[in-house]
Ligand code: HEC
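Form predicted on its own, single chain, as structure tokens, below.
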Amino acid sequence: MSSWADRVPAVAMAMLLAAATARAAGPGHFGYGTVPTPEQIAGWDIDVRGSDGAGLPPGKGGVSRGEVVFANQCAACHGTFGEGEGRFPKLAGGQGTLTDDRPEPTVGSYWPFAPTLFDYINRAMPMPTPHTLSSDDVYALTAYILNLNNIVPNDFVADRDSLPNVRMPNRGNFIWTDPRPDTKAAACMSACVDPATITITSTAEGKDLTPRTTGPLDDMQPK
């Protein structure tokens, strides 16, 4: 049986060879890892853009199929009709509540884009086993949840063409441009303002914006 002392020279030699390989490959190459395959990249490249549905995969699914999938995969947490179970979120209802003291930001009352619903279900649901649903089933669930919110009719079929055309009720209440003046200015590339000339006119110092009162949590802090 070889001892640790016997293995040290071999380990050192392997480290020297790895360092030499990294130097030979040029700066920024560390000599480990592999180039991902197209299949591996495809497994991560699943994002869907909400505004126009770019990235939606092939497939389709209707409301009736979505009702079956929802009952099997989603109802235990989100309720039979999207009303939510326990502390799990509601998916339907809530229209007209966003200005209330207790708003209900559901898919129908809050979300601006229908493709975003597909994206979220596809990447994160069902919670215990994400990435186990087929594209057809995700499309069907999307159609069913939109139907629960009275956004699409009973015969609606969701796919990469129809979903971006769904007009969500709250879409017009989102602000798509930032009105602040400093976000409009072009990046300074020449003749930039000298930082030494900038004057700070207001700070939070001395304004007690973070009160330091004693309470139960203070007793738990390390002494």
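It should be emphasised that the depicted structure is a prediction, and the values quoted were computed from it without experimental measurement. Start at 1 and count along the sequence shown; that's the residue number.
What follows is about the form predicted in complex with heme C, which we do not show.
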task: Find out whether any non-hydrogen atom of residue 98 is located within 4.5 angstroms of heme C in the model of the complex, and reply yes or no.
output: no
task: Could you confirm whether residue 89 comes within 4.5 Å of heme C in the model of the complex, counting heavy atoms only?
output: yes
Contact of residue 149 with heme C in the model of the complex (heavy atom, 4.5 Å): no
task: Using the partner position in the model of the complex, report whether residue 114 sits within 4.5 Å of heme C, counting heavy atoms only.
output: no
- prompt: In sequence order, which positions of 63-80 have a non-hydrogen atom within 4.5 Å of heme C in the model of the complex?
  reply: 70, 73, 74, 77, 78
